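One chain is shown next in structure tokens, namely the form predicted alone.
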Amino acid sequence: MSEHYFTQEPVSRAEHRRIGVVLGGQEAEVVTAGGVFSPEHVDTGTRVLLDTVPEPVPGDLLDLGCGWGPIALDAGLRAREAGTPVTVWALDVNARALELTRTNARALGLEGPAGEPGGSPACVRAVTEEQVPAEVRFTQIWSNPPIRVGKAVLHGMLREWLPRLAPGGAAHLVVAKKLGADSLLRWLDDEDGAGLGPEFTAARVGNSRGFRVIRVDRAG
């Protein structure tokens, strides 16, 4: 069976490389590797998402399916620039992706507890599902979700994490139109589909370069 970016323990050669990217409105150098999603650049869907999401707000932010970290790092850099106290939980099943995210967060000064005296007001924590404390609720969720895991797994992920939005919180998801963005929106906005409850609503808030950005709000 071929290896995918959502493999837990990639066995392919890492082949680490350094690339230049623009994250948080600034140029940065990051480390990527084989066996993770889009190791050569910030992929188009992620860029569309980052051009659409609002600024980080105080609290906990979840990057669901972080890869080498572009979404989490962008959020951390933007929060730090604004002086906004944010802990970004960068979640993935891929151990190599998590290590790359930790390396990049460390290099960009986003490692360590948010708001620590003398430190950054924002931090990025690369974690597995089991490492996210059960009591944490997210003011924001940003995700370029792994569509290729299949509908059943994707729906399970969203049913698990979207209910952990804090009241008044919002999630932004980017999905390619050709990979089912419109059907996913219908599922999310159907109380009998996603089954999230009447306090959740979903709408399309972005449409660019073949990608849709879907916003899911939880009533405050």
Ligand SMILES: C[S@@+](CC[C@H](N)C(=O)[O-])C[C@H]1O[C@@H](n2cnc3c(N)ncnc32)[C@H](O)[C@@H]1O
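Note that the coordinates shown come from a computational prediction; the quantities given were computed from them, not determined experimentally. Residue numbers here begin at 1 and follow the sequence given.
The protein also exists as the form predicted together with the named molecule; that form is not presented, and the subsequent description refers to it.
> Any of the heavy atoms of P146 lying within 4.5 Å of the named molecule in the model of the complex?
P146: contacts the named molecule in the model of the complex.
> Is the gap between M157 and the named molecule in the model of the complex 4.5 Å or less for some heavy atom pair?
Because a heavy atom of M157 falls inside 4.5 Å of the named molecule in the model of the complex, the answer is yes.
> At 4.5 Å between heavy atoms, is I71 in contact with the named molecule in the model of the complex?
Answer yes; at least one heavy atom of I71 falls within 4.5 Å of the named molecule in the model of the complex.
> State yes or no: in the model of the complex, is some non-hydrogen atom of N94 no more than 4.5 angstroms from a non-hydrogen atom of the named molecule?
Flag for N94 set to yes.
> Counting only heavy atoms and a 4.5 Å cutoff, which of 188 to 196, 165 to 173, 63 to 71, 24 to 32 contacts the named molecule in the model of the complex?
Contact-bearing stretch, as computed: 63 to 71.
> Need the contact residues for 26 to 47: heavy atom within 4.5 Å of the named molecule in the model of the complex, sequence order, or none if there are none.
Those in contact are F37, T46.
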